[in-house]
Structure formats: structure tokens, C-alpha cells
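Shown next as C-alpha cells: one chain only, the form predicted on its own.
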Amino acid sequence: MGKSNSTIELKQVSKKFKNSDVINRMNLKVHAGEFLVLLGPSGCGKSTTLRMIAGLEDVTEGSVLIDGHDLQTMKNDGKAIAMVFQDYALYPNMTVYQNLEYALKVHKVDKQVRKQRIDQVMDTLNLADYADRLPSQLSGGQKQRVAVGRGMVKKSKIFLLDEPLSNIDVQLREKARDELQKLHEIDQQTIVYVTHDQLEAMALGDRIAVMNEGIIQMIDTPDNIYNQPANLFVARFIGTPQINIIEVVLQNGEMYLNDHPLLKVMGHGELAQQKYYLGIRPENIKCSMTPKGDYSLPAKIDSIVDYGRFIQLSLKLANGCLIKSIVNSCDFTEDDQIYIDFVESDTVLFDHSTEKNLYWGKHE
């Protein structure tokens, strides 16, 4: 894709602080021009990974390669990588314009080109009216936009962003997200973006790396991460409302919840007759007032919440387990006895001991 982007590779990278492992033998390849999102709960090692790619943290073991060259031995003049920090890191004695211009001046970018780039970015991020203000005169969201803008004007091959939109209010966050995507389409920079917000990750990433406790649990497209999560952790971390996970038993070609058959198991003779976890997204549960057949499961409506876009039902099963269903419209009321049905291809089956996806209902 030309010279506007770089590849990033982490090979068997570990990072220890004192005696605790923050990152554990991580392997990661970011393609040239890719928008990769690192997603996971607080403390999972996302920001540490980003800082190691930026060269701000040394690796304890392994190597970080930029375009195949070891970062440790590279002369990093700051041109190749731009980074946006969560805490802004703005120069307090410089105006918004000067903050945006500083790195371009240092790298001796032509004055006319500097102005053109800065004007474009300020326009994109709604900062034109604040060009002469100092950071102390800005709100948290405005400071964050200046920090993002400073990364954008550099047009570096690699753009690293650490929770860059966390302090921006919701309306502007969506606009900033759209602008980042547009910028990526135009400049084709290699972007690594850290967030704990799964909706942001799903909206932005070409691929998402879901992390937990210093380990990448799964790296794939948003579609695959949502529909075929590699394990229970990924399944539960992605999706709002959360995926329903129920404990089932396979017996004589049927999946049972307690003593009630849920599904006829078709063509999976290799599955042992034992316990499994069955996952089903709330939108895939079929609800009706009357049973559709032997596999319809009775449930009682515990609560109904209307979100406008959809209606969420909380359903209580005979074993006391609560599950969520999403419907577009409903004639049900609280305490109604209804029936729910599952379709095998809409479910995900997890091994009971390893909690890994067995890929049983996968569409080929």
C-alpha cells in the first residue's frame, strides 16, 4: 500500500513489572494499513502493549518489529509513530494551534504544508474556534480532541491511540469515531487503538484483539468475534445485552436443560454425552405464547424494558435461571407464561472444562 503505513509484529513478547506478568508471551501481527483494536477490561495489558509498540516501555522478553526491524535497535526519530495518550499530554504554555504545529516544526515540515494540515484537522475536529486558546481554557473533551488532532497532523506511518475518546461526550464521540475512520480510509495509516468499550471496538476495527490478563483471547473480525467467540470470556465480553450462557447435557442426540429437551442435535456424532455450556444471543431467542413443539421451553416473563429500538425481556426458567431476550415488538406482559425456542445454528457450544468454542452450529 505504499509508504504511508508500516507492519507491526510482536514476537513472544512478555512484560513483567516487579514480579507480576502483565503481558505473557504475546504474538501479534498488525498488517500494513490495518485498523486494529485492542479490547479488554481494565488492567488486561492493552495500554502496556501499546506503549511497548511505541518504544515507551521496554519488553522484558521477546521483540517488537516495525517493518521487520527490531524497535530496540531502530533509530526512532519520532516521525514513524504518532501516539495519543488518554491524559492528553498537551503543552500547557502553547495554544491549540501551536500544540498541533509543534511536532511538524520539529520535523521541519514546510510551513505551507503545516498550515494546510492543521487547518484541515481543526476543521475535522471542530477546533477552529479554539485555535488561540491555551489548554487551561479548554474543557476535557476539547483537550482530548486537540490530543487526537496532534496525532492526526503528523500523518505518521503508525498511529497509536490509547482510549482517545474516553473524555469526549457521547454526541461528539460518534463524530470523532467517524472522522478517525474517514482519516484511516484516506491515509491508510497502520492504526492500533486501545479501548475497553466494545461498541467502539466493533465500530472501528478491521480486526479486534480481545485481551484478558495479558493474553490475547481471540483476534478476528468484529463479525466473527460476535458470532463465533473463541471462548466463554470473549462471548461474555462482547455484546449488549450479554450473551445467555446455560449449562446443558447431551443425551441420546438431544441437548437437555435439566430434564427438558432443548435441541435435537444433528450430525454431531463426535460430541460426548456430557455437560456443555450453550450460548445464545438475546436476539436469537424465539418467543411465543404457545409451544411450537417438543423443544419449546416454558419461561415466565420477569421484566420488560422498552429501549425504543428494541424491547428486552428478562425470562425466568423453571430452574430459576434468568435469561434475556430481545424482540422488536411484544404483546406480552410481566408474569406471562411464554415459550422459547432455540435454533442450533444460532447457538454456540462451549466445552465445559476448557470453556472453548466447539464450533458446532457454524455455518460453512
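So that there is no doubt, residue numbering starts at 1 and follows the sequence shown. Predicted, not measured: the structure shown is a model, and the values here were computed from it.
Beyond what is shown, the protein has a form predicted in complex with a small molecule; the following relates to that form.
Gly43 is the sole member of Pro298, Gly55, Gly62, Gly43 with a non-hydrogen atom within 4.5 Å of the small molecule in the predicted complex. The stretch among 44 to 52, 66 to 74, 312 to 320, 330 to 338 whose residues place heavy atoms within 4.5 Å of the small molecule in the predicted complex is 44 to 52. The small molecule in the predicted complex is not approached by Val13, whose heavy atoms all lie more than 4.5 angstroms from it. Taking the partner from elsewhere, Val22 is found to have a heavy atom lying within 4.5 Å of the small molecule in the predicted complex.
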